[in-house]
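Next up is one chain by itself, shown in structure tokens, the form predicted on its own.
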Amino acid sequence: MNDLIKNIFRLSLFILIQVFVLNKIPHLHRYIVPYLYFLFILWLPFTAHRMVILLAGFITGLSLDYFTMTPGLHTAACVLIAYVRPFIINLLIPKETTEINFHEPSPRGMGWGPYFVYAFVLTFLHHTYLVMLEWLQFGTFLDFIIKTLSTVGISMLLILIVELLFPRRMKYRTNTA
């Protein structure tokens, strides 16, 4: 399947799951909010151009902001992780290693350890920024810390479940254009 069509399908699926399933779950607690839609940005191919990643982050956040009536909260957080993503990948995958030839980030391609460091750092950045933007309106600093940590925890659990239940087929990068 063409990468563009596959990524449009993924984006639509993640937004629909977030809006119609995860946002409809009765809150377990006022601090726990399950987010999974940003996994679309984490799954973008390694070879995607930086501007394409930023545009994908903007469209992802804007789509969720449209459905949840939050003016720019998710867009700002998604653009932040889209901007930081290439730096994290360059830290976790050295350029001189020849055995890393996979098309997109995954536990099987990167290994479970580096993949979860990658996912944790971007999840933590996304949720910290998102909760901070919400916290500016109301709440105490302790509420901010508790909500950030609990939301990161539940989101990492959801990412683990998705990676175990729906493993992606490995596609190797080639040197041909």
Partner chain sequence: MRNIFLYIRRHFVFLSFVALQVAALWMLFNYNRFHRAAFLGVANEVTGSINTQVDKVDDYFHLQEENRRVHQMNDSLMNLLRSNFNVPDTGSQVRRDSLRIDSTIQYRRYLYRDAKVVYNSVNFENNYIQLNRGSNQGIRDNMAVVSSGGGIVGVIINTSPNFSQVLSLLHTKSRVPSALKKTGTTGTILWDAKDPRYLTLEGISRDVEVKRGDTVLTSRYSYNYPQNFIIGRIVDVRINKATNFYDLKVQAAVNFASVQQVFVVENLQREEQLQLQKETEQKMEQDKKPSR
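Positions refer to the first chain, counted from 1. As the structure is a prediction and not an experimental result, all values here were calculated from the model.
As for the form predicted together with its partner chain, it is not shown, yet the points below apply to it.
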None of Ile146, Leu54, Leu42, Val117 but one has a heavy atom within 4.5 Å of its partner chain in the predicted complex; the exception is Leu54
Select from the listed residues Ala48, Leu125, Leu36, Val33 the one whose heavy atoms reach within 4.5 Å of its partner chain in the predicted complex. Val33
Can Met156 be called a contact residue for its partner chain in the predicted complex at 4.5 Å between heavy atoms? no
With heavy atoms only and a cut-off of 4.5 Å, decide whether Phe9 touches its partner chain in the predicted complex. no
Even though its partner chain is not shown here, does Leu16 get within 4.5 Å of it in the predicted complex, heavy atoms only? yes
Taking the shortest heavy atom distance, is Leu142 within 4.5 Å of its partner chain in the predicted complex? no
Flag this candidate site as yes only if Ser106, Val152 and Leu160 all have a heavy atom within 4.5 Å of its partner chain in the predicted complex; otherwise mark no. no
Which residues, if any, of 12-26 lie within 4.5 Å of its partner chain in the predicted complex when only heavy atoms count? Leu16, Val19, Phe20, Leu22, Asn23, Lys24, Ile25, Pro26
